[in-house]
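Just one chain follows, in the form predicted on its own, and it is written as structure tokens.
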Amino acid sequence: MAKIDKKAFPFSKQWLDDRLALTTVMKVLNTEYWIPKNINFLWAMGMVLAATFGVLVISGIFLLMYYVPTVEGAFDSVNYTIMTEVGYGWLWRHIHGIGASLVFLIIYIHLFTGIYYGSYKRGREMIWISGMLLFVLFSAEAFSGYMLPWGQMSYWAGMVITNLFSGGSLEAYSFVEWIRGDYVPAQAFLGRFFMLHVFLLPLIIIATIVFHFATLRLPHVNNQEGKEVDFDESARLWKEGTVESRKKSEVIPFSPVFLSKDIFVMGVYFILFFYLVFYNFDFAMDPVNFDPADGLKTPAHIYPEWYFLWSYEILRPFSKDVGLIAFAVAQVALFALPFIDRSPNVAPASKRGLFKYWFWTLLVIMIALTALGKLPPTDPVFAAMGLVFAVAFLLMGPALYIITKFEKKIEEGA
């Protein structure tokens, strides 16, 4: 146990260090949290996500000051009070809308980076599982937030999505009514999703982000080559402080070296972010949702936001029961990826033979499902294409198991 300095002035740095071990905490989380040198800008996506979540929280607090969570007042509070009567209310709404959309773009980049470089393998399974849990939580947060403007698409998307909980032929409509608090989306439904969006889900997301970063701390961050790094030896070389020893070291400290690179990437990202906020905010605002919710008037075409379209298109081509099973399998398969991939290699996809083609096929399939999910289901050609791509996605899991089961071990230095 460290000796306490009794002469230290209360609340001085030394006084706090004796009681909270601040120096040790800073070493563990910053100055001696070691990151491989062999990484690129894609490794900054985690910090970009954390920063975007922070922007969403701050903008959400400002919107919360004027939002009215009632079926009579919600639509007007968003589209008239905030947008026209509150000073810079439009800016906070645009920031929140763009942030909600871009956070999923960054999540998908982060997800596919992890798949490409095999960052879910060999001791890093909990990193992947906690990351996928964050994806589910962000999806729930986005869906609950989409309900709050109480426009036409908010209402009918809520109606369609909650109907999924009826379980197909199980017809568990009493469970759906329990979720809604009524037979149809109404005040109880809006109040529950308001509570989820502004209180419960953000708390769970913050706790899961902490857990996700904790899982990164122990098995260490992966690198571009999937190389096994001797972190203890490399850290020793770095702490020697000489130019020669730091050249030999394969790691850098998180702060200030890696963090400065993260900040540069975030700077570039926020230039794009605020360009969209000021000049192209329309893409994050569904025009149908500028009509007040009307339970007696169904929109011609009901669809979710772009980040849910691939899942929606897996559900849509099949019958009710088969569609729900396909939808569930697709979500579980992503969680189970570390256990489906049987390869001994932790390496970029470009070095892994058939896996390279599997990866790019998966990316193309998900983009195709996203594009098809936005189209009306009336065209038989697009409906057939949706079925083909949905089946193809479901077959990607077994295909991954087979090709990685026979994947040869990559020799060191290859």
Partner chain sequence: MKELKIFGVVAFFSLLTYYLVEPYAHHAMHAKFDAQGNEIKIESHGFVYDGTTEAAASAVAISDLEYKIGKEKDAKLKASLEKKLTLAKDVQAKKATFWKEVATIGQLTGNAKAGEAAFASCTGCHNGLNMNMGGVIPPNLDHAGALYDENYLIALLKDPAMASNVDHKYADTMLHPMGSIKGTMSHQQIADVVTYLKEKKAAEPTAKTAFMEACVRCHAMRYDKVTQLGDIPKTKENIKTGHDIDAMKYAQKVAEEQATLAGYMGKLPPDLSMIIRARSEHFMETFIEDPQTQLPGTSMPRVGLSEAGYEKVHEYLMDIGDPSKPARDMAGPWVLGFFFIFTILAYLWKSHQWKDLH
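Quantities reported herein were computed from a predicted structural model and do not represent experimental measurements. Residue numbers count along the first chain shown, from 1.
Keep in mind that the form predicted in complex with the partner chain is not shown, yet the notes after this line are about it.
Mapping the unseen interface onto this chain, Asp76 counts among the residues with a heavy atom inside 4.5 Å of the partner chain in the predicted bound form. The partner chain in the predicted bound form is not approached by Lys356, whose heavy atoms all lie more than 4.5 angstroms from it. With a 4.5 Å cutoff on heavy atoms, Gly191 does not count as touching the partner chain in the predicted bound form; it lies far away.
When contacts are judged by a 4.5 Å heavy atom cut-off, Lys27 does not count as touching the partner chain in the predicted bound form. Stretch 290 to 298 is the answer when you ask which of 128 to 136, 208 to 216, 172 to 180, 290 to 298 has residues with heavy atoms within 4.5 Å of the partner chain in the predicted bound form. Not one of Lys13, Arg342 and Val346 is positioned with any heavy atom within 4.5 Å of the partner chain in the predicted bound form.
The partner is absent here; in the predicted bound form, the one residue of Phe318, Phe270, Phe335, Phe231 having a heavy atom within 4.5 Å of the partner chain is Phe270. Among Tyr312, Tyr120, Trp238, Tyr146, the residue placing a heavy atom within 4.5 Å of the partner chain in the predicted bound form is Trp238. Residues of 369 to 396 lying near the partner chain in the predicted bound form, listed in sequence order, are Thr370, Ala371, Lys374, Leu375, Pro376, Phe382, the criterion being any heavy atom within 4.5 Å.
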